[in-house]
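Take a look at this single chain in structure tokens; it is the form predicted alone.
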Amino acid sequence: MRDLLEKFMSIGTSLGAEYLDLRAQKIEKTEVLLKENKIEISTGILGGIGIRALVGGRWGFSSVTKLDSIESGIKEAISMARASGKKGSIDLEEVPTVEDSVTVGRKVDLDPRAVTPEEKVSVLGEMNNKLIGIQGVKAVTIEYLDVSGRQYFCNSEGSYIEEDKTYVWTKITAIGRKRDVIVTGREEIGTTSGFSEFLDKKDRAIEKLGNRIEMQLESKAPKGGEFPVVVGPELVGVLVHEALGHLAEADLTLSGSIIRPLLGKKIASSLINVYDDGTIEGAFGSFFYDDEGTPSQRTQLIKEGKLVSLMYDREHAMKFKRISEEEGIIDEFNTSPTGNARAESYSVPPIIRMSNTYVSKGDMSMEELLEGIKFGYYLVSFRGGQANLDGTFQVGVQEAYEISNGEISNPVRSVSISGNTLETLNRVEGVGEDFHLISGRCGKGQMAFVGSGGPHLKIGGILVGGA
């Protein structure tokens, strides 16, 4: 494959490309949807080559499904770049050339390709039956996806990378009802180690979800208003991903996110340190190289409350390097490529995406975080939510408890929290000594596997929605 791809580099540059990269993939994929005892299943092989050409400061992109169509695809990408008219302003920040062959994640215990679709459906059916057997659970939906295969990357600067990838992901959603009370719960499983680890995790996920539904059906609605809260790692991960992470993706920052005027400035409590880290072994958002061939890395976004970096691809690293020079941003602010260019498949160009985004741990015990709270809430697990470029967010909470005089007490249901990202980050009063990452998928026009999390946090006040 290497000889074939490198042959086309000289063809592309001879046709006028200032830069060219090719991403070839052969991925086997299985998707299963089990809903109301009905099953939809699809399997297939995704194979093709994505082609990016930089001509006159403008991008052109095309994709082809056959090797003998690469040359015509290169010509199309170059033509598309030229068709946009006047000279563009895109330059790429330099990165080292790389030659490597790697496998994402830990050693695969059981390749999902070795498990038949019938066996996968059987496992999901057993999971469904266990949940339906729990008192109060009335409906279950299970979404399953596995992806396995190899990707090849080659560019005109001399890099060549081969990566084997395996992901297994499942989301379980349950609806519970008791008299006139209706509640929902969800749990996700993600692994890069194969089907056996999924099997190891599924029973615990079902147990947690079943307990959560039963707890919500027996609980009361919360009081509405602003209260101090202690937030668990799962919800911390959602907040740092949705309410901060997207704001710090350099393309969205440039599009008008609230942190655009705050580069290099303090935006959070000095207790807060936030990282995006694609190098954590076995984490669901980890990888060795992004889809531009840049090594993944541990990027500190917030250092003791100060915004010290964004997440970049090569194009936006160069743009923010110029911005920092023009605006006199402090030297501490990073403008180097961070390895965050990711594409869902060969058929689309890479865009800036998170990997594993988290708050780093502190030194406070759970007892110390709860201390001094006369009345508030302990927020454990999220149900769903959204965040906006203006910094506002709203998140549903599926597991929550009252805090009374420094002790966790009665469970509550149907909780939601809302606020402004920067105000919330500045209200952090304590950071726990624990740490946990969860697995998930993120949509930004394209799907990406990600991780998020952190320790428990104590927040001095947040708006809680209630009865």
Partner chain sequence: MPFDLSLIIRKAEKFGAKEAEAFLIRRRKMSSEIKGGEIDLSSTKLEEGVGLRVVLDKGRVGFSYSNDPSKQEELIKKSIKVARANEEDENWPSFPCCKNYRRVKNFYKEVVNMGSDEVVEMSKLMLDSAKLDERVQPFFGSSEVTYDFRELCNTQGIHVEEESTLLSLNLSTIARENGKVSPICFEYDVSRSKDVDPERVGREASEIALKCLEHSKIESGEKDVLFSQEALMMLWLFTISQGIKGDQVQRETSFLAGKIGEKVASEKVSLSDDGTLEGGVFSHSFDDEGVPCQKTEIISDGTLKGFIYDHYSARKEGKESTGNAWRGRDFFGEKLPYTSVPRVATTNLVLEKGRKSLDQLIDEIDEGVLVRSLQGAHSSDPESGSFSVVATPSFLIEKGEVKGLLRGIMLSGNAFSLLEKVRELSRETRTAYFLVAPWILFEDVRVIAKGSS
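Definition used throughout: the rigid core is the maximal C-alpha set that superposes within 1.5 Å between two forms. Residue numbers count along the first chain shown, from 1. No experiment lies behind these values; they were computed from the predicted model shown.
The following text describes the form predicted in complex with the partner chain, which does not appear among the structures shown.
K.L.:
Does the 4.5 Å heavy atom contact test between residue 432 and the partner chain in the model of the complex come out positive?
P.N.:
It does not: once the partner chain is placed as it appears in the model of the complex, residue 432 has no heavy atom within 4.5 Å of it.
K.L.:
Heavy atoms within 4.5 Å of the partner chain in the model of the complex: does residue 447 have any?
P.N.:
Yes.
K.L.:
Any chance residue 90 has a heavy atom within 4.5 Å of the partner chain in the model of the complex?
P.N.:
Heavy-atom contact with the partner chain at 4.5 Å: present for residue 90.
K.L.:
Would residue 159 count as a contact of the partner chain in the model of the complex, using a 4.5 angstroms cut-off between non-hydrogen atoms?
P.N.:
No, no contact at 4.5 Å.
K.L.:
Looking at 332, 118, 326, 367, which has any heavy atom no more than 4.5 Å from the partner chain in the model of the complex?
P.N.:
Selected option: 118.
K.L.:
Hey, of 224 to 232, 286 to 294, 370 to 378, 263 to 271, which bit sits against the partner chain in the model of the complex at 4.5 Å between non-hydrogen atoms?
P.N.:
Answer to the contact question: 224 to 232.
K.L.:
Please determine whether each residue of 61, 394 and 463 possesses a non-hydrogen atom within 4.5 angstroms of the partner chain in the model of the complex.
P.N.:
Checked in the model of the complex: all three residues contact the partner chain.
K.L.:
Heavy atoms within 4.5 Å of the partner chain in the model of the complex is the criterion; list the residues of 29 to 43 that meet it.
P.N.:
Contacting residues: 29, 31, 33, 35, 36, 37, 38, 39, 40, 41, 42, 43.
K.L.:
State yes or no: after fitting on the rigid core, is the Cα displacement of residue 280 between this form and the one not shown at least 2 Å?
P.N.:
No, the C-alpha moves less than 2 Å.
K.L.:
Does residue 37 shift between this form and the one not shown by 2 angstroms or more at the C-alpha, the core having been superposed?
P.N.:
Yes, the C-alpha moves 2 Å or more.
K.L.:
Comparing between this form and the one not shown on the rigid core: C-alpha of residue 114 shifted by 2 Å or more?
P.N.:
It does, since the residue 114 C-alpha is displaced 2 Å or more between this form and the one not shown after the core fit.
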